[in-house]
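In structure tokens, one chain follows: the form predicted on its own.
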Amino acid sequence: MPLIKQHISKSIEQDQRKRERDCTSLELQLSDPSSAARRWAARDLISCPEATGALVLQLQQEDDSSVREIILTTLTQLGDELAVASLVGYLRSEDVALRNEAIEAMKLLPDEVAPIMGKLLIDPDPDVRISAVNILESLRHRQVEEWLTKVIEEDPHVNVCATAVDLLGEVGTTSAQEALEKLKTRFPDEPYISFAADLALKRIRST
């Protein structure tokens, strides 16, 4: 019985994909009442570079998490200027899930995100700066240590620095030692900052 049910479900999804597969039709299908149809459309739009705008628009109103995940995946594959700018915009979203999904998506775009990382790390909103540091966690880029060092040297917000020093403890080298020592004097009344900085220094000196 379960096999029959699985076969029926698969057939339904396949039927929902039996529409025209040209880019215009796929964009229209993004607003289909069926979440399965929207998923197929979002997945297939990877072959339509001009579809970024439609995907961004749908993401702003999409309430199905599985569809949002596919849209974000497609946006990261397209990776154009509009896609990156939209992901940056989601870092300001009140929707925590969408904000976290945007962070994960941006981690997959090191070359595209790198040129704007400097601006993100000095954004007026400390939550955006924290999100930027979280993106650096998996951003394979040669400037990661440099960016993190600058954060702990200059950022006035203790939570931003705490997030940065945690990551610096994983990726930092001897180049970060002076900044880590100074960080403890910048926030003398914050025990966690001293603890995290000492932990990072210990790891660096033992490698």
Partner chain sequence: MKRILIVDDAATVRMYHRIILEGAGYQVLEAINGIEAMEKALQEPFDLYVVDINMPKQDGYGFLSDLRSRDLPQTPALMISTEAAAADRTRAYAAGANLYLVKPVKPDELLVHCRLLLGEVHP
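Worth saying up front: this structure is predicted, and the values here are computed from it rather than measured. Positions refer to the first chain, counted from 1.
If you look for the form predicted in complex with its partner chain, you will not find it shown, but the lines that follow are about it.
- None of 55-63, 157-165, 142-150, 36-44 except one has non-hydrogen atoms within 4.5 angstroms of its partner chain in the predicted bound form; the exception is 157-165.
- At a distance of at most 4.5 angstroms from its partner chain in the predicted bound form, all three residues 94, 97 and 192 contribute at least one non-hydrogen atom.
- For residue 23, no non-hydrogen atom is located within 4.5 Å of its partner chain in the predicted bound form, even though that partner is not displayed.
- At the 4.5 Å threshold, heavy atoms of residue 104 reach its partner chain in the predicted bound form.
- Taking the partner from elsewhere, residue 130 is found to have a heavy atom lying within 4.5 Å of its partner chain in the predicted bound form.
- Looking at 193-207, the residues that come within 4.5 Å of its partner chain in the predicted bound form, counting any heavy atom, are 195, 196, 199, 203.
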